[in-house]
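Okay, so we've got the same protein chain twice, two forms, each given alone as structure tokens, structure 1 and structure 2.
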Structure 1
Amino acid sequence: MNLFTIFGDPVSHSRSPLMHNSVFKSLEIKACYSRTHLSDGSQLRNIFFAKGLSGANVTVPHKEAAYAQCDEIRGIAQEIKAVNTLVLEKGRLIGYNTDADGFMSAIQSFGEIKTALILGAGGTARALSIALRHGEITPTILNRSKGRLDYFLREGFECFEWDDFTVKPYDLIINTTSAGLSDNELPIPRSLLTELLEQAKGAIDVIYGKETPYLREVKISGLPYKDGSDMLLAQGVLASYLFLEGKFPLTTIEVPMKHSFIL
């Protein structure tokens, strides 16, 4: 039996086991997918091999650490420098990023988007900034402090800290921080968020399965919005395709995975 897991901190909320096990069951694949709480991202590779895994997903805050521990990086992950999907191939750890394509699929329903403001500067923000740029959408990065902005500055993105940011209109406001995942925090100060939402056309939170404080503020504003469920599904289908070595079409994988969202 092939074993898969998702690494994260926190990870108890993750729907990934339900999603992937639903696919395995439907396609009669002898495999099992679990959760692995990981506080020290530097130990990801050691634990991967100790568990005898065939593949894994990686969620916050370990996507950059996962990138650093791979033997080979493929696809858009080379540019993003953050990995959310790992596959064992001939004893080597291969890293991919399915967040980027998953996000672009999820935002199609918002219609035409030219500008986006990304809240946060972690691995997910990296993926989305590159994906948006590839989609001819101009992203701006807003983070609490300068500490994690170096990557974005090197990539030529417009970046701001809270203290040096001036509000202007953006088509889409995107929360990539963990604020609201296991607390009642907002990703940025309420006054700043309110001002941004007054001038935006839509908003999305990559957190899924709950109404975060961020989404509550968005709902009050009356803007079109989404949580991270559509992105989760789209990136999960791509990850499963990689886990199963491309033996099944994406459409075949999507049916049971989408069904798992109503279980």
Structure 2
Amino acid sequence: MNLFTIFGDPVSHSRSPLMHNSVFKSLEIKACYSRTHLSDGSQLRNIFFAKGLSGANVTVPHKEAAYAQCDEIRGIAQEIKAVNTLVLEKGRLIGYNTDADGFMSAIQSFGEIKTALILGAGGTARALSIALRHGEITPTILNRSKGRLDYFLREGFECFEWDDFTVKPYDLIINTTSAGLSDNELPIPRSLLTELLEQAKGAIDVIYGKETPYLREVKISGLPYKDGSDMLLAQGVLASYLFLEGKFPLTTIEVPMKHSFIL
């Protein structure tokens, strides 16, 4: 029996166990995926080995800590410097970031996008900014405070705080802040958001499973929009593909994983 888990704090809300166990069940794989509440991220590697895991996902706030504890980092995670997927390979811990490709897959339905405004400057904003750049979409970062903008400035991205931001047209507006997750707040002042939406082609919120105040405003604007469900599914399919050592095509994994969304 191969064991997998998701590490996070909080983690009780995570849909990952349902998503991954649906795939294991459907493909008749002897494996089980659980949740692990982890408050001290520095213990992640020790716990991974103590539990005898074959792989894991990592969520808020441990993606950077997980990156630091891997034996090898593969793909776009090297640039993002944060991992959300861990795979044990010949006794070594290999780290990947499937959030980035999952997001790019989710925004394909918006058609041609050249520029994007990312609201927020946390771990998710990092992954998406690098992914967008790889996809030849120019990201600009807008955050309420300055502290977390350093990473983006080092990467050469245009960055603004609310106070020094002037609205101009962006094709896609992306909310990566946690505003609206467990409160009723907008990620930026309403007047700014209204102006941005008037000039955009589409909008996305990475939060899933609820209608945030941000998405309510987007709906009123009449723009094409989506929440974070497609991204969640796509990053999960890519992680499962890695857990299953590439033995099953992505399309085979996607069907049962998508089905778990209605359970």
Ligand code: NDP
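In this text the structure is predicted, and so the values were computed from the model without any measurement. Here, a residue number simply tells you its place in the sequence of structure 1, counted from 1.
Exercise for the section: Mind telling me which structure is the form predicted on its own? Expected result: The form predicted on its own is shown as structure 1.
Handout entry: Motion between structures 1 and 2 between rigid parts - which of 233, 62, 180, 55 is the hinge
Key = From 233, 62, 180, 55, the hinge pick is 233.
Handout entry: Turn angle in ° for the smaller rigid piece between structures 1 and 2
Key = Interdomain rotation between structures 1 and 2, rounded to whole degrees: 14 degrees.
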